[in-house]
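Below you will find one chain, with nothing else, as structure tokens; this is the form predicted alone, and questions on how it binds or moves follow later.
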Amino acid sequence: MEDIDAIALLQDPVRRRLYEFVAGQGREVGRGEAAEAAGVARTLAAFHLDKLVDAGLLEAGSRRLTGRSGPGAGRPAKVYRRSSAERDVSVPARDYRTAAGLLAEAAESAGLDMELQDAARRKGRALRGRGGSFGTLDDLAEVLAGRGYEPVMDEDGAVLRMRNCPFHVVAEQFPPLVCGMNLALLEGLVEGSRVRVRMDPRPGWCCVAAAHSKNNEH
């Protein structure tokens, strides 16, 4: 299915609510849970969820939702998670991904890691704006959400992690270069605040995490 056709499926409000709920969980979601979150019947949710799978926006699997195994554990249920595939639409067609890959390749070959990080910090400062700072992780999360990072606070509220890397495709090709750039960008963004960012790579997550600085050091 073409990217534009897949994205067009999200015009349906029920389908969009289901997609946003599943994508926002960061884990597998059953039909019943998704239906309840979207406020629709389970059968209708199943229909729309499978449409999203057919479009490549979600991926489907099966597991026992009870967490038990063996006799009496029940049949495996169909579960859904966000697809790892990316969809992109530009009218007229543009190919920024290839340009980004070529620029990253050239920067890596020329050993321009530090120059790229310096530029990224400047960009982070510009994104913050003059006199802007982050008093809390919630303040930072609001900004990161607007830039596609999908921030999520951990259970004790001490660390802010990001489910999505906006530079994922290029980061997969040039991990040290792009992850270093990403860290520098966010360092510039939080500069002068009580928040600090650090490298904390985890499979399926952005390589950077944020937390309050110790002893409130700036």
Partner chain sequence: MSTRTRYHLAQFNLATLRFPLADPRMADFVALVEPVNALADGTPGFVWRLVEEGEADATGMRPAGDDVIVNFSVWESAEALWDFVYRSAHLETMRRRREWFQRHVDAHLVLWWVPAGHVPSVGEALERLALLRADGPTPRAFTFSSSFTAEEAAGAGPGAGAGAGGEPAGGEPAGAEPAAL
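Numbering follows the first chain given and starts at 1. Keep in mind it's a predicted model, so treat the numbers as computed, not measured.
One more form of this protein, predicted in complex with the partner chain, exists but is not displayed; see below.
Exercise for the section: Could you tell me which stretch in 176-184, 34-42, 52-60, 150-158 has residues with non-hydrogen atoms within 4.5 Å of the partner chain in the model of the complex? Expected result: So the stretch in question is 176-184.
Practice task
Determine whether any heavy atom of V14 comes within 4.5 Å of a heavy atom of the partner chain in the model of the complex, and answer yes or no.
Solution key: No, V14 stays farther than 4.5 Å from the partner chain in the model of the complex.
Handout entry: Any non-hydrogen atom of W205 within 4.5 angstroms of the partner chain in the model of the complex
Key = Contact with the partner chain, yes.
Practice task
May I ask you to check whether G24 falls inside a 4.5 Å heavy atom distance of the partner chain in the model of the complex?
Solution key: Although the partner chain is absent here, G24 would stay clear of it in the model of the complex, with no heavy atoms inside 4.5 Å.
Problem - Close approach of L102 to the partner chain in the model of the complex, 4.5 Å, heavy atom - result: Although the partner chain is absent here, L102 would stay clear of it in the model of the complex, with no heavy atoms inside 4.5 Å.
Handout entry: Answer option from A85, M114, A126, V89, heavy atom within 4.5 Å of the partner chain in the model of the complex
Key = Checked against the cut-off, the match is M114.
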